[in-house]
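Shown below, as structure tokens, is a lone chain in the form predicted on its own; questions about how it binds or moves come after it.
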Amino acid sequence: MLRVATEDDRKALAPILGHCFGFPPEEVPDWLARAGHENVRAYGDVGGLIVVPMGQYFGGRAVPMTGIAGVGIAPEARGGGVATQMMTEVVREIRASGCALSTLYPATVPLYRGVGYARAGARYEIEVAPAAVATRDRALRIERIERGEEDLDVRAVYARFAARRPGFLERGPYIWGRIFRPRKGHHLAFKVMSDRGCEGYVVVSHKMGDGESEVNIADFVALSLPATSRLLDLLAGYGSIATTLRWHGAAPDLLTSALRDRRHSVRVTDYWMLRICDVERALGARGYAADGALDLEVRDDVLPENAGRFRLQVRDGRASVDRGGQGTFAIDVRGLAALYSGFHDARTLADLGELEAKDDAMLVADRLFAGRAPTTSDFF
């Protein structure tokens, strides 16, 4: 029943998605056009969703990933398993396409966990007063970015920045469009330049409210402390008109570490969920922190072809994966997603009942998948 949405399908989806996400149905066609009509899926006449082709960084390498956005079911069709059936078909489509992973932000965890997704990372919101970020460091120069996401400096700097951070996205047009061409509001973008070229950038918008105002930072990327300091000083200039700066990132990260005062807040706004749609491709595509070998036996109650025994061998940070092995590291596909991203260690997964293995095998797994806490600054 899942299909690429036709023009008639998209018209039928408009009131469903508008109602689900709380905005007028007449705004839905622009949303779907931005996502690309080829990426819109209809499920019968009762629902649909958007697939977002991109990648996600793990171990310093971008792994092919399909994001899921805009999942909506008509109110009268809810409660009968329609969403579960639709998501099951999507997961099968993703695997058949050759894509290794799928990631989404859940409105409800049980639905997505039921089709093999698991919590695998977080998105953090950082707030600080403009006065707290002033550095008086103006050694590097600031330039206005006039062409938005078409700026090649921005793309190159972001790729270097994201590769160092597990869970960050290898962005495609849909995500870049959300940053530089939002449906509502107006953003300004600036990059910081040294003699070596571009070392960072920031994308900001200013919103006035009753009695206070805030600067929302859609993207904040810097490759060095001097670049971070210069961008923070740029943001401090909003102190005369704004009471709060807000952005999304990791906790801690280079940006929060450069703040001169402890008075900033960091909170989790969302947990994202990861689905390993192709175990063999996923294990072979990411980078690793150490050398070693594991004999996995993966359980997958939704994709039987994704289950079985896999021999993972890692040398110099790169993996080879073959079917077979002894299966001494028995893990559910959901647990494997949390281990793969670095969200949980092996012992925690064993305590959760998603892993059965001896202590020495768990130690090997922890060394292989070690890294920073997985996060992403993007929402989709």
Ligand SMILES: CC(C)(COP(=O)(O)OP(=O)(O)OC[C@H]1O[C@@H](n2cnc3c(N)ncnc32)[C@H](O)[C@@H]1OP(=O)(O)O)[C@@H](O)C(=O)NCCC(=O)NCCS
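The first residue of the shown sequence is 1; numbering continues from there. Here the structure is a predicted model, which means the values were calculated and not measured.
The discussion below concerns the form predicted in complex with this ligand, not included here.
Proximity to this ligand in the model of the complex holds for all of Val71, Tyr105 and Tyr112, with the criterion being a heavy atom within 4.5 Å. Although the partner is absent from this view, Cys20 contacts this ligand in the model of the complex, with a non-hydrogen atom inside 4.5 angstroms. Put simply, Val82 is close to this ligand in the model of the complex: some heavy atom of it is within 4.5 Å. At a distance threshold of 4.5 angstroms between non-hydrogen atoms, Arg299 is out of contact with this ligand in the model of the complex. Mapping the unseen interface onto this chain, Arg78 counts among the residues with a heavy atom inside 4.5 Å of this ligand in the model of the complex. Looking at 83-91, 244-252, 159-167, 177-185, the stretch with residues near this ligand in the model of the complex, meaning non-hydrogen atoms within 4.5 angstroms, turns out to be 83-91.
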